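Below you will find one chain, with nothing else, as structure tokens; this is the form predicted alone, and questions on how it binds or moves follow later.
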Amino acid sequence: MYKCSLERMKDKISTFSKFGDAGHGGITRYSLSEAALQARAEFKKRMEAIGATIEYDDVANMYATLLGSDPDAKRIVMASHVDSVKNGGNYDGILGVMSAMEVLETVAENDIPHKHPLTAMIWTNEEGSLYPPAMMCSGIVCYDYLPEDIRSKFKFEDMMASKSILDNKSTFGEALEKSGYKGDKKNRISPENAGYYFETHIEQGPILEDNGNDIGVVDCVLGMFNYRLKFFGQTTHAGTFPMPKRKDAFYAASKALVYLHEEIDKLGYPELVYTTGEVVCHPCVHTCVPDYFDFSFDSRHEDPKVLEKVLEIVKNCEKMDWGGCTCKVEKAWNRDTVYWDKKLVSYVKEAAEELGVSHQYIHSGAGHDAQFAAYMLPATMIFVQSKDGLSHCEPEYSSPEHCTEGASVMLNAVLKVDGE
């Protein structure tokens, strides 16, 4: 069994945290921003230093490859992203890139024999924080393999026209042309040139820490749905209209949200999660009774039958009276549970056992590039413990020791695939 370098991992964590440093412990590193280009340059420099070949595809995905002994073997790809959310942490996404780099560096340092080309990859614009949507370029590259209801949201021309949330004017396509990292479409990862896909990531939740385990052997990405619940009332003056005659859409929505929590909790599924994360209020004036209120409703679980029960409760809101307001329930999107390749999952578990790293099976509640790659290639993920379960925020933290363990588990799982 091989182990990756704790000192190298510490150095990478320290170095990459400088690119987009927000000044209080975290980063803002939008895709193709100056900070993201700095991270890419560092990746290129370090990978070229160990003899890796660097390539770019037409949407600026980066590939650093150490050739193997078999010229006909397909790549084993290890990938993640360098972009972040606004005021995010130093581990989400970038840990997967640093882990892939560490695998290649360990192979090169120890002259570990391998048949397959080993590729460390950076996906462009996974977060979609500046140019929506999230997982943009994995959606583009895996487009032909995605289910139709997902595929329709990742048309190439639509993605190129995605506008910056900062100025609502400049586009992703324009940033791509200026980046210096736009390459050839023929360099895209595909079943023709790649055989397997791995992604290491922080857990982004508290389950590993709560159970005293360092590594998560991920078996799937949970199925989910996202709906909008829209409430329609009547705007009147806040000071002159009697309470009994009001049709307050905000109040109606609040009653509905309480109803959803109470009824869904009665289902009794401890692993079920659901969230209201985005709201719209009109006219949003303190002297007016709202005539419109709209909130998102996101629910996630492995079993589609459980999600069907939740959706039945959500849709029931249309049939109920909400203080004179009406409710309309509209589907935004959904996805089925995506299961990782069983053989790769077993290799990850074997590697953790042989390294003596504490581990457990775990689901991913969040979406990842690997989820789209799994429609195209055998794929799996490895989770690293997150302190206090925090992610997408500046206190996000995974210890260098845990990060190195994650890289070591991936290295040995990759070598198991290579040795077949």
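Everything numeric here is computed off the predicted structure, so don't read it as measured data. Numbers follow the displayed sequence, beginning with 1.
The form predicted together with another copy of the chain is left out here; the points below concern that form.
- From the list 254-262, 157-165, 178-186, 67-75, the contact stretch for another copy of the chain in the predicted bound form under a 4.5 Å heavy atom rule is 254-262.
- Site residues 245, 279 and 286 are all in contact with another copy of the chain in the predicted bound form, judged by any heavy atom within 4.5 Å.
- Contact with another copy of the chain in the predicted bound form, judged by any heavy atom within 4.5 Å, is made by just one of 193, 236, 170, 334: 236.
- When another copy of the chain is considered in the predicted bound form, only one residue from 355, 390, 41, 50 comes within 4.5 Å through any heavy atom, namely 390.
- When another copy of the chain is considered in the predicted bound form, residue 378 lies well away from it, no heavy atom lying within 4.5 Å.
- Interface membership of residue 241, defined by any non-hydrogen atom within 4.5 Å of another copy of the chain in the predicted bound form, is confirmed.
- In the predicted bound form, at least one heavy atom of residue 300 sits within 4.5 Å of a heavy atom of another copy of the chain.
- Another copy of the chain is not drawn, but in the predicted bound form it has a heavy atom within 4.5 Å of residue 295.
- Shown here without another copy of the chain, the chain has 365, 366 in 345-376 lying with a heavy atom within 4.5 Å of that partner in the predicted bound form.
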